[in-house]
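Take a look at this single chain in structure tokens; it is the form predicted on its own.
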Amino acid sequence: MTGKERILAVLDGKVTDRTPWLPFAGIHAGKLKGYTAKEVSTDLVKLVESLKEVNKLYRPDGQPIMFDLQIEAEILGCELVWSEDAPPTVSTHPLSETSDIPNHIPGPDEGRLPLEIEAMKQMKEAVGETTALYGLICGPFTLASHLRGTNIFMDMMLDPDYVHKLLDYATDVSIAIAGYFIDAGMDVIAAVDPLVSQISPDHFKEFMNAPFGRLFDSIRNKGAKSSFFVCGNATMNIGPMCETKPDSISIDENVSLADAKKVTDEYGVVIGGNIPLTSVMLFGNQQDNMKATVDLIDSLDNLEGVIIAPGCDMPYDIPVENAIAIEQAVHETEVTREMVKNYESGDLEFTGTLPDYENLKKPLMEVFTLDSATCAACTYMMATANDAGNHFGDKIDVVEYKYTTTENIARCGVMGVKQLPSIYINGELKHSSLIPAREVLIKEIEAYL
């Protein structure tokens, strides 16, 4: 079977010769050819050249064209902050001070859409016969959050009608973008919506069922397959996500793949994931990546309806040999299992010091994130923390620990951090994965003053 046949067969519920491998090499693709993240996000020639290198080196069964959740938001008026080694991030929210509902649906000739669409067409011609190509769109909830900012979480409680209307609009945008990508030859449309992990199952059913159901129906009616991609601890929302009827769901390391698969199997939905991005792919060695992949595969009762993939967009600086090691472990599992059967990974040592929480001069709010500059859920968790911090000024301290250094990974272990993003106040866990309302966080801080 070709990789494309393998991916599509899994999504159709058929038996395949081996488990598919789907590397989410977004801005990481640029590193393979010496280009910055911004270059592969804005330059067609460099983007396509980098994507072809991903296809050559990593032998993917499926491959995304871009992993950029800001393209739609940028067209709709959000300002972006650019980085040389990370995707751009949204820095302004045009609806933060108004309850208006936009009506503009981006056309295929706006913003960076022409770049992405042309890259899709060129990759379809180059590798489309053998590789399943993924078009990634910003999901309706995250797009609505880009436009509205953190206010949307309070809106869900105080003004639900407005949220429904904003989500309807965002879904219209998502459907339009998905249509452009399908017309450009994409086999699978992935709605990437990190903020879905930040709401309760009740809020999901109230606000997300109709938008996502409508989106996946539209993709299905256009003849393409769909994926619902969520980051963070979405464990409680796996069932509700399946009820919106995507063909597949992708999860990150915050969710147990084995436990999630038990749920997705009940709905006949394919599950994808969830190799750890930083602790294994970025900072591990080849053996770490082989063993983590084999262990992930072995954690499952069966491999039917499974696609092995990184938990999210691959960090820019992931060593090439680590991704190659994962491909080897997925496609040649028995051989790899024998290679690493006696291998033991060393634990990361925490060499820093923890604050003396019992004797702090003022309250300390610690925010543990994957990286607020690249992870949408972390961005909004950190924004809420900073907003609350600004309310108190120098009466409190606020610090972020990004899960992008070995020291902070080790710190998470010492602190017992289970989910990212999380907020601790004076060493006590207050919010794990779910983003709090500003007023809630302010009241919690006041209790320490």
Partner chain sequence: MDKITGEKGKIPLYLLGGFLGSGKTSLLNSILSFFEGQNVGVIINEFGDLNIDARLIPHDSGINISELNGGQIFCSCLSGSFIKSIAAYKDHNIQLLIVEASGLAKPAPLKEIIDLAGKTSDHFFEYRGMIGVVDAQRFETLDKSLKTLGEQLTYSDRILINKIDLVDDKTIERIMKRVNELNPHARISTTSFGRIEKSFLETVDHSDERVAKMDSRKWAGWGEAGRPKPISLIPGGPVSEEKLKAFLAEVASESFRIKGFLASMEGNIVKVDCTGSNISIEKNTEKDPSLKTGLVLLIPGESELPDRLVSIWESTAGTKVQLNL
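From a predicted model like this one, the values you see are computed outputs, not experimental measurements. Positions refer to the first chain, counted from 1.
Note that the form predicted in complex with the partner chain isn't included here; everything after this is about it.
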Check your understanding: Hey, in the model of the complex, does Gly273 get a heavy atom within 4.5 angstroms of the partner chain?
Key -> no
**Study point:** Close approach of Tyr343 to the partner chain in the model of the complex, 4.5 Å, heavy atom
**Key:** no
Point to revise | Contact flag, Glu243 vs the partner chain in the model of the complex, heavy atom cut 4.5 Å | key: no
Check your understanding: Is Asp202 a contact residue for the partner chain in the model of the complex, using a 4.5 Å heavy atom cut-off?
Key -> yes
**Study point:** Heavy atom distance at most 4.5 Å to the partner chain in the model of the complex, all of Asp247, Ala373 and Ile409
**Key:** no
Practice item. May I ask you to choose, among Phe153, Phe216, Phe368, Tyr134, the residue with a heavy atom within 4.5 Å of the partner chain in the model of the complex? Key: Phe153
Check your understanding: Exactly one of Asn285, Thr333, Ser279, Gln122 has a non-hydrogen atom within 4.5 Å of the partner chain in the model of the complex; which residue is it?
Key -> Ser279
Review point. Heavy atoms within 4.5 Å of the partner chain in the model of the complex: which of the stretches 189 to 197, 265 to 273, 352 to 360, 301 to 309 has them?
Key: 189 to 197
Point to revise | in the model of the complex: members of 217 to 244 within 4.5 Å of the partner chain, any heavy atom | key: Cys231, Gly232, Asn233, Met236
